[in-house]
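In the block that follows, a single chain appears as structure tokens, in the form predicted alone.
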């Protein structure tokens, strides 16, 4: 997401801190957006400036004598970096650089975040809701699973077709690719299917995307990304997901093994007309908000799976993740990295392989390039 100036961005990076008072842990700020000259804890009145420095303690002289305000300021985020305006933070000071973490995924991310001059911005605020499922269901689907779309989402797609349209024409495109990065990221997309999904966004958004945004994207990103890649889904490992063209972005916040809290935003081209931005906001509300016609399909699937997994025997059952086995390639003439057919589970295997590695590693130095081999998937299936 683009910011107004590099100076403002650097100021933000230098002042990000935990939203927690150092006295008794109370939340300092309860708003998702707005302006403030300071943050005052509503519990005992400790006050902090917007850079995260403790500046006032009530009754300090008589009750404390003196408080070391530097020591008792909020905890700063030690590792911060940006990519195309997106801000990434990590509490681990030893984390590898963001550039290294994103790896080959950057080429695919640019389809959404570097499509036109000026970049992107968020509109409409943050929508939050809770789903009773494991966070990996959501992250994996956006990483790797185009396979569910023709089945889970066929009803809303048919409902969104123009009056009098033939429902049999709602068939999903067949040609497309999937990409898997060694660090667990993944994306899938159709090729040469310009009308796919965009009908769900309405005429004004579709017209802007095709007639204004697409020509500039071709000039900036080339023919493949600008003209041919459509209907994409993406996850940056572990839990940042987005849908280019649909323009929803969300972070999956784990709330234990059986629940996630979704934080979702609508992303638009910063220089798009105000009417297009508003049309995008309404389109995402209609499709991928808490009450969206496609979002509810996904949530229903994930919660039903989680209910089944409460069973002792169900938790011992292996799932089949063999789609696309032996079809990985590193020599696509148009696409960088490891690719496969769009209906594949290659990126899912990479996602879970990276997660497994990180759960077992003692340090960053213990991690390899991530992912698991097709042979290991075959072996598990054979042993089952």
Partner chain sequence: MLKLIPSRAASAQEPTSPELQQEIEQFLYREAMMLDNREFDDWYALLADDIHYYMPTRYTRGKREMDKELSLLDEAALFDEDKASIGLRLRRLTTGMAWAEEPPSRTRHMISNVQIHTTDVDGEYEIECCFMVYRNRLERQTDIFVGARRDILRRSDNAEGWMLARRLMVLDQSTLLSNNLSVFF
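Residue numbers count along the first chain shown, from 1. Between two forms, the rigid core is the largest collection of C-alphas that superpose within 1.5 Å. None of these values were measured; they are calculated from a predicted model.
Separately, the form predicted together with its partner chain exists; it is not shown, and the next lines address it.
Chemist: Which listed residue (82, 207, 155, 192) meets the criterion of a heavy atom within 4.5 Å of its partner chain in the model of the complex?
Modeler: Of the listed residues, the single hit is 155.
Chemist: With its partner chain left out of view, which of 160, 77, 240, 243 would have a heavy atom within 4.5 Å of it in the model of the complex?
Modeler: Selected option: 160.
Chemist: Just to confirm, residue 131 within 4.5 Å of its partner chain in the model of the complex by heavy atoms?
Modeler: Residue-level check for residue 131: yes, a contact with its partner chain.
Chemist: Do residue 285 and its partner chain share at least one heavy atom pair within 4.5 Å in the model of the complex?
Modeler: Output for residue 285 is yes: heavy atoms within 4.5 Å of its partner chain.
Chemist: Residue 140 versus its partner chain, in the model of the complex: is there a non-hydrogen atom within 4.5 Å?
Modeler: Result no; residue 140 lies far from its partner chain in the model of the complex.
Chemist: Is residue 318 close enough to its partner chain in the model of the complex to count, meaning some heavy atom within 4.5 Å?
Modeler: No, no contact at 4.5 Å.
Chemist: Could you tell me which stretch in 295-303, 85-93, 229-237, 99-107 has residues with non-hydrogen atoms within 4.5 Å of its partner chain in the model of the complex?
Modeler: It is the stretch 295-303.
Chemist: Across 213-241, which residues bring a heavy atom to within 4.5 Å of its partner chain in the model of the complex?
Modeler: Read in sequence order, no residue approaches its partner chain (within 4.5 Å, in the model of the complex).
Chemist: Once the two forms are fit on the core, has residue 305 moved its CA by at least 2 Å between this form and the one not shown?
Modeler: After core superposition, the C-alpha of residue 305 moves less than 2 Å between this form and the one not shown.
Chemist: For residue 34, is the C-alpha shift between this form and the one not shown 2 Å or more after core superposition?
Modeler: Yes: residue 34 shifts by at least 2 Å between this form and the one not shown.
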